[in-house]
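Only one chain is given next, in structure tokens, and it is the form predicted alone.
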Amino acid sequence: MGQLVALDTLIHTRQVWQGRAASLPGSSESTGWPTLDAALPTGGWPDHALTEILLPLDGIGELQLVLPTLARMTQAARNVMVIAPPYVPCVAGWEARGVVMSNVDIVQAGARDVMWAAEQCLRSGSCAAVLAWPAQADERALRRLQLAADTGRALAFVFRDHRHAVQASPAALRLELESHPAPRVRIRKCRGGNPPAQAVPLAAGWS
């Protein structure tokens, strides 16, 4: 049997190389939710990337997750595209949260055209963020959105049913929103780190 040597000794004598994980750059876009920012490796939305938001059902307040970001963007005269929402956005409610609606365009698209429209908007380079509600989206279609977001240097948000959580996804970030017993979000996947085991509470500021 060979002689046992302490690992510290090998490292000290430089016989074993010790790697270090490269640190991720901080996000340029805070989520607007301090508890969520603190749980994400980059401290906010992944830059120029796709975020999937998984829901138990539509209309549980999911847009509150992104409204702080949309408010900040539109106040800076940056454009936001909203594609095929299940409900017409409440203009008064969005404005009350600080969103400048003159910088928001709402696109009504058929089920077959939602992902195509989102991809074109992202690739254009003229949108700060694109929100979409596709009825169907396979891994290949989602990967195209991820690439388009990187090309157009925009944030992409796709809202889908939580049953898709078991499917593979190229999204840089996957969040699953839970409304009971209190608003919280589970981080199912995050670029640059392991998802926390516990859900992130969102009660403060949620209405």
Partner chain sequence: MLWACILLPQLALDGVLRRRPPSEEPLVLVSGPAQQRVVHAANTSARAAGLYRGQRLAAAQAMLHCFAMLEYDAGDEMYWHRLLAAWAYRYSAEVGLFAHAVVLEVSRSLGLFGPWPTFEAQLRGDLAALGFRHRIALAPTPQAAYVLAGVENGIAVMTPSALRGALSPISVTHARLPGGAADALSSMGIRTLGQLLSMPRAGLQRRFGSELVLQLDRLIGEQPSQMDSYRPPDAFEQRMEWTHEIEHVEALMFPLRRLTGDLATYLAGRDGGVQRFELVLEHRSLPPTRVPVGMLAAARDAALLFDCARGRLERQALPQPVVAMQLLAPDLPPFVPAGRDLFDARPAHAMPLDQLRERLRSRLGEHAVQRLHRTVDPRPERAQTSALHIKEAPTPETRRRPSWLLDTPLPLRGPPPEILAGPERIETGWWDGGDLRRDYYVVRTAQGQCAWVYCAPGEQGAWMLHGWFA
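Numbering follows the first chain given and starts at 1. None of the values given here were measured: they were computed from a predicted structure.
The following text describes the form predicted in complex with its partner chain, which does not appear among the structures shown.
Stretch in contact in the predicted bound form with its partner chain, which is absent here, among 147-155, 33-41, 134-142, 165-173 (heavy atoms within 4.5 Å): Stretch 147-155 is the one.
Contact flag, M73 vs its partner chain in the predicted bound form, heavy atom cut 4.5 Å: Looking in the predicted bound form, residue contacts with its partner chain do not include M73, since no heavy atom lies within 4.5 Å.
Residue-level question: is D58 within 4.5 Å of its partner chain in the predicted bound form, judged on heavy atoms? D58: yes, in contact with its partner chain in the predicted bound form.
Spell out, yes or no, whether the shortest heavy atom distance between P89 and its partner chain in the predicted bound form is within 4.5 Å. Answer yes; at least one heavy atom of P89 falls within 4.5 Å of its partner chain in the predicted bound form.
Spell out, yes or no, whether the shortest heavy atom distance between G98 and its partner chain in the predicted bound form is within 4.5 Å. Although its partner chain is absent here, G98 would stay clear of it in the predicted bound form, with no heavy atoms inside 4.5 Å.
Candidate site S28, A49 and T69: all three near its partner chain in the predicted bound form by heavy atom within 4.5 Å: Result no, not one residue of the spot touches its partner chain.
Who in 174-194 is close to its partner chain in the predicted bound form, meaning a heavy atom within 4.5 Å? Contacting residues: S179, H180.
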